[in-house]
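The data below hold one chain only, encoded as structure tokens and taken in the form predicted alone.
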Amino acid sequence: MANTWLDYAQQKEHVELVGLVDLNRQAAQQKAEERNLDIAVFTDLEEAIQETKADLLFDVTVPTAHLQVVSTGLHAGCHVFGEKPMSDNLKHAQEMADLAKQTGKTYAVMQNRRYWKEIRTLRDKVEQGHLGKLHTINSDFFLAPHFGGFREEMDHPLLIDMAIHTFDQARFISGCNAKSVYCHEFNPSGSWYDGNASVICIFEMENDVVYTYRGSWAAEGLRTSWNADWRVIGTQGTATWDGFDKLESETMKEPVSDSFLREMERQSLNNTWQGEETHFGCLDAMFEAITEGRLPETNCFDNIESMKMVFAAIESAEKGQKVYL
């Protein structure tokens, strides 16, 4: 991920890199040399910010380090743009959000999967009332990655490491936060994960929207996209997105009709997003917001609502009962 963030910084005129920080100085130095960067390297973040006079920190560390890294940056007067998830637990995520509010600095979280032209277009169509009043969202996520390493040793590999993306996408499409969740988590036969690699969730969202998530990291064959496979249903019709480039809808030709099955009109949905996609799109939006003196779309106060969905789902799975957020 550090390479992706550095790719962005080195291509954009509005970004000036002034230092690299790593606990291993040799790793930071090697990265600077790989990229022909004539900048200082540090092992201490606070020292790095003081010496370089940086006003923005990129946090591309492991989740367990985010509290310390983000807190150091905010206390030092930096805005912080960081990788997902906000933290490895909700308590730390809330502490960082509170600190961002206290310092008046922006802490925004990378949600690169909001920045595909298809999902931006789908959200636009929902907001414009193309489907009528939204009431149901379903997403399916079925892959079988053989990562090796820490993911295969986690207690909740899919929920902790990946579902944050899909849950955040559901919030983005619907414009609603979750109110409750019932989650069933299990490890299917033949799984190579120590923890539960498969999940089924039912979320009750705001505005009477119901969102269901079915996912597995141990599902061999007929893979979905990493963006999941989506069905979004409203009172006037349905839209589907395969997570790749197929986005279409069927809506009623005549909303008022006595026919047994309403006559429908199918259409491909034309792209409405003109910005860049994935990481670059999200970073562009973050910088634009800072320049205009407003909060980015993926600011910490918004993103913590996606974090709440993850940890409420874990709590529900462990308790075997519905949990309220």
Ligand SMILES: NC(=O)c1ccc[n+]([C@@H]2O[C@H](COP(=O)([O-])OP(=O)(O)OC[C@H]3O[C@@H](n4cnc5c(N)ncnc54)[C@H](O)[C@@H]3O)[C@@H](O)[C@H]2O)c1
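These numbers come from a predicted model, not from an experiment. When you see a residue number, it is the position in the sequence shown, counting from 1.
Missing here is the form predicted in complex with the named molecule; even so, the following discussion is about that form.
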| item | value |
| --- | --- |
| Contact flag, K84 vs the named molecule in the model of the complex, heavy atom cut 4.5 Å | yes |
| 4.5 Å heavy atom contact, H165 and the named molecule in the model of the complex | yes |
| In the model of the complex, Q50 touching the named molecule (heavy atom, 4.5 Å) | no |
| V256: touches the named molecule in the model of the complex, heavy atom cutoff 4.5 angstroms | no |
| Option from 108-116, 170-178, 243-251, 193-201 whose residues, in the model of the complex, bring a heavy atom within 4.5 Å of the named molecule | 108-116 |
| Single option in D161, D229, E185, E152 placed near the named molecule in the model of the complex, where near means a heavy atom within 4.5 Å | D161 |
| Listed residue (V41, M286, L269, V69) with a non-hydrogen atom within 4.5 angstroms of the named molecule in the model of the complex | V69 |
| Heavy atom within 4.5 Å of the named molecule in the model of the complex - qualifying residues of 52-69 | V60, T61, V62, P63, A65, H66, Q68, V69 |
